[in-house]
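One chain comes next, on its own, written as C-alpha cells: the form predicted on its own.
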Amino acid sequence: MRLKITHHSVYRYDAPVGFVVQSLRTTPSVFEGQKVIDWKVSIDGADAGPGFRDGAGDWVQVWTIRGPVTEVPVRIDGEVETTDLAGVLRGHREMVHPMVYLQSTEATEPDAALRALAAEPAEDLAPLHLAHALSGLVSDAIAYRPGVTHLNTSAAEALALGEGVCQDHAHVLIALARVRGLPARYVSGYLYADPDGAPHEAAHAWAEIHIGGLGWVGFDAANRTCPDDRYVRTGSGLDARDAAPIRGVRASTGMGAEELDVTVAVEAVAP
C-alpha cells in the first residue's frame, strides 16, 4: 500500500521565545515492511542541524530556531510504500540489546492490578502465544475513549480507569509484557484509517514485544491487531515520552505558556 502522510504541528508561545532546539524522530523506520518514496520535514525560520541514527535504529534530526518567535510551525509531508509482515519487524538494524526493554519507567511501572492481570495467562504459554494473550487482555480491559486520559497518564492509572487511547493501550501492554519477562517497547508512527468502522488515530502508537526466534513483533491492543500495511513506523522507546516524535527545549526570559496544535492525515494513494 502507498500512503500519503501530512503532519503539521504549530507550537505557540504567549511570550516571545529567544531560542528553540527541537529533536525530531519523525522519519519512517528502515526495514522490509516499508520504503520511503518521498519525505520532507520543514520548520519555518529553522536551521537543520546534524542527523544521526540512534542505537534503536531510529533517525533523529536536530533543528535550531533563533528568535524571538511566538510560534514554531513544523511541517512533515511524505509518501511511504508499506508491506504487511504480520507485525514482524524484519530487517530493522539496531544495536540496543532487547533486554534493555525489560526496565520499567514511571509510565509503565506495574502496580498490584497490573501484576494480577499479567498473571492471568497460563505460565506454560509459548512467548508468542503469551504476547497475543496479553494484548487481548489489554483490549478487553481498556475501552477506546479519547479525552479521558492525558500525556502523563500512567499504565496503572489507565487500567484503573478502564478507558483511554492508543498511548494507554501501549503502556499497559508494555507493563504486562515486562512483568512476564518479555522485553517490550513503545512505538510511534501513523495509521491509515480505512473504512472499517474502527476508531483509531492517524498519529498512532502501539507496542512491540521481543519474541525469541522472531525478534520484535508489533501488537496494537487499541485495534486488536498486529501492525500491517496500514501502519507506518517512525520511532521507538521505553515509553511514550522516550519515543516522542518531537522533543525540544526553549529559552525565554519569562515562564510563558506553550500551546500545541496538531493536524495529521493519512491517505491511501495510487502507486
Partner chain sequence: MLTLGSGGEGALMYYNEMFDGTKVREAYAGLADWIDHMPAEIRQMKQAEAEALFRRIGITFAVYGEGGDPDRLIPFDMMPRIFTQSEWRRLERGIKQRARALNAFLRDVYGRGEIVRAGRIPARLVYQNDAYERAVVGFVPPRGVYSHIIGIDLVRTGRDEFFVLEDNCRTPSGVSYMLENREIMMRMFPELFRGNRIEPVDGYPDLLRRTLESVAPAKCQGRPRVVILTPGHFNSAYYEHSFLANLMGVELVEGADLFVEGEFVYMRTTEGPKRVDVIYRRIDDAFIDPLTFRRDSMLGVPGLMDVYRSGGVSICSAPGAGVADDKAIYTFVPEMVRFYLGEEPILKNVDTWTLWKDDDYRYVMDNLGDLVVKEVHGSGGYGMLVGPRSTKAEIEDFRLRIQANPSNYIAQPTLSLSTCPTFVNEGVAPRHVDLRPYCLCGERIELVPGGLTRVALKEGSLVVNSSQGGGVKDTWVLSE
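Computed from a predicted model, the values in this text were never measured in an experiment. Numbering follows the first chain given and starts at 1.
Keep in mind the form predicted together with the partner chain is missing from the figure; the text below concerns it.
Using a 4.5 angstroms threshold between heavy atoms, residue 248 counts as touching the partner chain in the predicted bound form. The closest heavy atom approach of residue 55 to the partner chain in the predicted bound form falls within 4.5 Å. For residue 44, no non-hydrogen atom is located within 4.5 Å of the partner chain in the predicted bound form, even though that partner is not displayed. Taking the partner from elsewhere, residue 238 is found to have a heavy atom lying within 4.5 Å of the partner chain in the predicted bound form.
The partner is absent here, but in the predicted bound form a heavy atom of 62, alone among 37, 202, 62, 214, sits within 4.5 Å of the partner chain. A single residue from the set 160, 122, 95, 112 has any heavy atom within 4.5 angstroms of the partner chain in the predicted bound form; that residue is 95. Listed stretches are 202-210, 217-225, 230-238, 26-34; the contact stretch with the partner chain in the predicted bound form is 230-238, by a heavy atom cutoff of 4.5 Å. Taking the partner from elsewhere, no residue among 5, 10 and 77 has a non-hydrogen atom within 4.5 angstroms of the partner chain in the predicted bound form. Along 92-125, these residues reach a heavy atom to within 4.5 Å of the partner chain in the predicted bound form: 95, 96, 97, 99, 100, 101, 102.
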